[in-house]
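This document opens with one chain alone, in structure tokens, the form predicted on its own.
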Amino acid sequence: MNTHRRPPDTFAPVSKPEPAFQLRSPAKINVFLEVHGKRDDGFHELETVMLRTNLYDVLRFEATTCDALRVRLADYSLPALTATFPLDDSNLILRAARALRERTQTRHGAVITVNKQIPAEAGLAGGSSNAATTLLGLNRLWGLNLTKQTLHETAASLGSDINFFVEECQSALCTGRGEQVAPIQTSGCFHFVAAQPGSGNSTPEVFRQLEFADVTDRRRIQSTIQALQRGSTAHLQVASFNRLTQAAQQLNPEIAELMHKMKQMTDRAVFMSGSGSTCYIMARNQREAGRLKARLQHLNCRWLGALNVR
């Protein structure tokens, strides 16, 4: 047994801060999502398998000489982007920065510039990823040297998907309301072709629409994990499941229509990530993913992309 005790966080800078740097903030995709009911705290008890993809935003962190916290977009020329990316107190980046300052009682400032690539309201956790990357980035920018446990505790106070990105693992089984993260050792590379319909989804609205039913067979989630461990796309395609799909389709008929068209055009099973609205199919390799993406180019969708998990 390891009896070494971790020294407590000092909540003060203990290393030389860096003046500026940038970090990738990756999107996730859910290959399994079961909901076990509503908790006393108002959240839902989840069991989900998340994968970190090669789609990412880029966050640039710059130190300031004052205690101001500022978030800005790298490109303000895209109206659709500025409309879905708030710069007020509702922004998860600002909330994460302020939570970190409150926890550590520091008064550092920062300018965080975001180059957005992850679509909003897509079930890809762009906001949660940005929040986690902010915790990791400011811990480094301000020279705090906080432990991963402290960052996880701060992340859990902000949202349900953030802890997955704080863990910095390639894939994980996430339970509780999503904040309990158990990394999964994956083999090989997994390829997906994903599309987002014209309108996005509100996660709270999807959960309100959800009608609880008998939970999936326990063997199904084990099969999902084993498929990832073995690097088997074929087995993953059989095992994957998302309890929120029907609720999301009822709330947003564009999802049902997109999934139907994707199946017709590719003859593949179609899945949904998170609470939607992104739908995806699986490919055996990168070349096939390219062919499938080309086949879907004429879909009337907001966003289309080939994702991989290595």
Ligand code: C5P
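Keep in mind that this is a model prediction, so the values were computed, not measured. Start at 1 with the first residue shown and count on from there.
Keep in mind that the form predicted in complex with the ligand is missing from the display, and what follows is about it.
Where does the ligand sit in the model of the complex: which of 106-114, 131-139, 159-167, 183-191, heavy atoms within 4.5 Å? Selected range: 159-167.
Partner-contacting position among Gln209, Thr150, Gln229, Thr203 - heavy atom within 4.5 Å of the ligand in the model of the complex: Checked against the cut-off, the match is Thr203.
Among the candidates Leu251, Leu46, Leu55, Met282, the residue which, in the model of the complex, approaches the ligand to within 4.5 Å (heavy atoms): Going through each option in turn, the one that passes is Leu46.
Should Arg177 be classed as touching the ligand in the model of the complex when contacts are defined as heavy atoms within 4.5 Å? Output for Arg177 is yes: heavy atoms within 4.5 Å of the ligand.
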